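Below sits a lone chain in structure tokens, taken as the form predicted alone.
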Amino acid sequence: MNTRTASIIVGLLLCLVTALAAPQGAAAATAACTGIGNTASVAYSVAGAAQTPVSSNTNTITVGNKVDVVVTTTDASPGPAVVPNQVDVLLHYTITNNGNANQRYQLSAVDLATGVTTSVFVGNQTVTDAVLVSAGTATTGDNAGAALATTATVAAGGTLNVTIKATMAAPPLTDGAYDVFALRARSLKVDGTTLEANGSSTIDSAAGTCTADVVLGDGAGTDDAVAGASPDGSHSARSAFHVVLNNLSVSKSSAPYNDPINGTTSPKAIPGATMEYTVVISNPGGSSATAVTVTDILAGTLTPVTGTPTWSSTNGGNVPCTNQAVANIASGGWACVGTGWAGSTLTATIPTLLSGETATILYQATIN
């Protein structure tokens, strides 16, 4: 299968982080860097007389950072539809910070290898990767191309929407093929470069900045930084591009336009009658079809109407198409199309038929 280098861009679509609502009745996690202090008080009596209580020193603890990141895809099965050479196609993911501190993440796109069968999407639909784009490198830039780092900060309890952008390979591509990508978010320390780890570290949270314990508490994702190890400070989820090629539908019908006995009043298909042929082409596919060409070679018992036909009033009207067919594309009105008749062969070409559009083509021939 032909491939070409793809431009894969991890872009941040939504830079404003929104807090997740806590379940009703559940207490929100205490913010990291929160100081919790209390004292003990001792009451006693001497010779039956109550004495002034004695207080201990105040014991203070600083709440540490529980690192817990979850990545999910928001793409519905079977994934975004693509066609050859399509540019700026997006896969969509959401990063959720279930920890109790503001957390920085390193973002990367992971392209699965060809032939790998895996489960993606909600419901674990199983697909096989066909390498529609090559891995490339995660670069800066959001969907508009503006500069934006491939690291991101998500507030405790917040979410961030992220995309992977790619350009599809050139033809040929197989209809129904997939290319699977994972979005990986790897936790970083507040410096934005050092990987987060168990131990003591500087923490930033809604309660302020402090030095306290850090504990990795994330679950296992499909393509985490350390395969099989959890928690490792990272999480990932997969989505996939899905090739949907056009499958044009074509139907042909005919009806007498006139005959030498009845004229245009209830004409019949008898020798000397003019038959009007109707070809209907529909494009239900996921992309535009170009250079849509109809070719019809008449039987020897038919003679093409090569002059300027008068079309039935319910179809082509009075469009003067000398030696040509007439077409109505997407209900846009009738117009002459194609190179017309060459002997007994008709050629009619529609430059572009967009997804969801229908074209109707008319031409005439006389029964010998």
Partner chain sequence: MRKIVQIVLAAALLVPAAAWAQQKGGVVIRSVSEVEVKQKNAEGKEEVKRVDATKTKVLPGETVIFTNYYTYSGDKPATNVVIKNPVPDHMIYLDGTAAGAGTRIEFSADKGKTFGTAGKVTVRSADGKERRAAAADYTNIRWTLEKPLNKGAKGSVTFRAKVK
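Positions refer to the first chain, counted from 1. Since we're looking at a predicted model, the values are computed, not measured.
What comes next is about the form predicted together with the partner chain, which is not displayed.
Note which of 308, 38, 339, 303 lies within 4.5 Å of the partner chain in the predicted bound form, where distance is taken over heavy atoms; exactly one does. If I apply the 4.5 Å criterion carefully, the residue I get is 38.
I need to confirm a contact call. Of 312, 328, 62, 323, which residue comes within 4.5 Å of the partner chain in the predicted bound form, counting heavy atoms only? Contact check passes for 62.
Find out whether any non-hydrogen atom of residue 229 is located within 4.5 angstroms of the partner chain in the predicted bound form, and reply yes or no. Close contact is absent here: in the predicted bound form, residue 229 is far from the partner chain, nothing within 4.5 Å, heavy atoms only.
Considering only heavy atoms, tell me if residue 54 and the partner chain come within 4.5 Å of each other in the predicted bound form. Residue-level check for residue 54: yes, a contact with the partner chain.
Proximity of residue 42 to the partner chain in the predicted bound form, heavy atoms at 4.5 Å: So residue 42 counts as contacting the partner chain.
I'd like to check something about residue 50: if you look in the predicted bound form, is any of its heavy atoms closer than or equal to 4.5 Å to a heavy atom of the partner chain? Contact check for residue 50: yes, within 4.5 Å of the partner chain in the predicted bound form.
Pick the stretch from 72-80, 102-110, 211-219, 164-172 whose residues have a heavy atom within 4.5 Å of the partner chain in the predicted bound form. Correct option: 211-219.
For a quick test of understanding: in the predicted bound form, does each of 186, 194 and 225 have a heavy atom within 4.5 Å of the partner chain? No, the whole trio is out of contact, none within 4.5 Å by any heavy atom.
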